[in-house]
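One chain follows as structure tokens, the form predicted on its own.
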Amino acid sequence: MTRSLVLAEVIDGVLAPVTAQAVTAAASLGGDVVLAVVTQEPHDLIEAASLVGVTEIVTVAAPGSDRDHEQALAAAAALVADVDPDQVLAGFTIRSSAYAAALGHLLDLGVVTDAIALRRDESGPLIATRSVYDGRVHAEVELDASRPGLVLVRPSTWEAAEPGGSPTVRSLAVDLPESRVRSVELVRPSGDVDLTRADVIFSVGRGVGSQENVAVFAEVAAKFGAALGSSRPIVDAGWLPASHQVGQTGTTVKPRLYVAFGISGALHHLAGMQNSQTIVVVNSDKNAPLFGHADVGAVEDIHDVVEQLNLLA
């Protein structure tokens, strides 16, 4: 029976959403799913980590900061030795990327980053799919079946595992290096937005025309309880902060409803929102590529449409 080790992402004592998504990815391979929780007080997260599909939770008490990559590396190496998994999964994030390559080198593991699909042929190797060349090509990477592979999965690609599981729980004592990380102050950008948690996203593209018009769409989005996203040109122009950018070089999202206003649908934008449950596209260009991926499309002037939405709100 195959066994997956999922390295939970914990930031400031909270389990990050990508952890539940990585659990789903691991469960799709069958067999046991062991979820490792490494933080100062791991037992505080047992309930949050008891996700459907997890068969065992292994906790490691790490006295340092959740942003200490040296401690994360040492803990992950000890967990791999203890669990002896067939594959190791984590979210493809800034934190995991900081230690994944070092872990692969230390344990001689094959490493795949930004995976968007996983499969294992019967009695065969693990095969991970990556999106390359701005989404123009999907590449399949076959990992050596004789040793575990380390796979970092793209956030918001898999559905999040639901809470309510009943895994066994045990602690693993690991001799971790003394933390050299000291948190001085956490400064969050003013007006920042977390698109990964949004249920509805209104997203604007080059067709919006000006920064003043962006504000109009932001107001309407707020009236409908939607987060405001954007394509890359809007951020490059300085009309919105980078936290609003959806796409391969921005944020990958999977909302219940994604409404694209004036976005042509370049491949790098599509890579960030193509898994949305319902996609609505509004564009005056009937040949905009994004129409090919829309559940509902309207060839209309986006300013006329947002004016009508403003009246309805």
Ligand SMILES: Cc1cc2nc3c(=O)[nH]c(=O)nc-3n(C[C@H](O)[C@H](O)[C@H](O)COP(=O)(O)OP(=O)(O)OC[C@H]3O[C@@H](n4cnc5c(N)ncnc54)[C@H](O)[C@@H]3O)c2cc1C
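Rigid core here is just the name for the largest C-alpha set that superposes within 1.5 Å across the two forms. Everything numeric here is computed off the predicted structure, so don't read it as measured data. We number the residues from 1 along the sequence you see.
Note that the form predicted together with this ligand isn't included here; everything after this is about it.
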Heavy atom contact within 4.5 Å of this ligand in the model of the complex, the stretch among 79 to 87, 106 to 114, 203 to 211, 166 to 174: 203 to 211
Proximity of residue 264 to this ligand in the model of the complex, heavy atoms at 4.5 Å: yes
In the model of the complex, residue 279 touching this ligand (heavy atom, 4.5 Å): no
Interface membership of residue 12, this ligand in the model of the complex, 4.5 Å heavy atom rule: no
This ligand contact in the model of the complex: residue 268, any heavy atom under 4.5 Å: yes
Contacting member of 95, 232, 120, 130, with respect to this ligand in the model of the complex [4.5 Å, heavy atom]: 232
Partner contacts for 231 to 258, taking this ligand in the model of the complex and a 4.5 Å heavy atom cut-off: 231, 232, 233, 245, 246, 247, 248, 249, 250
Core-aligned C-alpha movement of residue 235 between the shown form and the other one, 2 Å or more: yes
C-alpha of residue 42 moved at least 2 Å between the shown form and the other one on rigid core: no
Core superposition between the shown form and the other one, C-alpha change of residue 302 at least 2 Å: yes
Cα-Cα shift for residue 160 and residue 260, closer or farther in the model of the complex, minimum 3 Å: farther
Inter-Cα distance between residue 113 and residue 290 in the model of the complex, nearer or further [3 Å or more]: closer
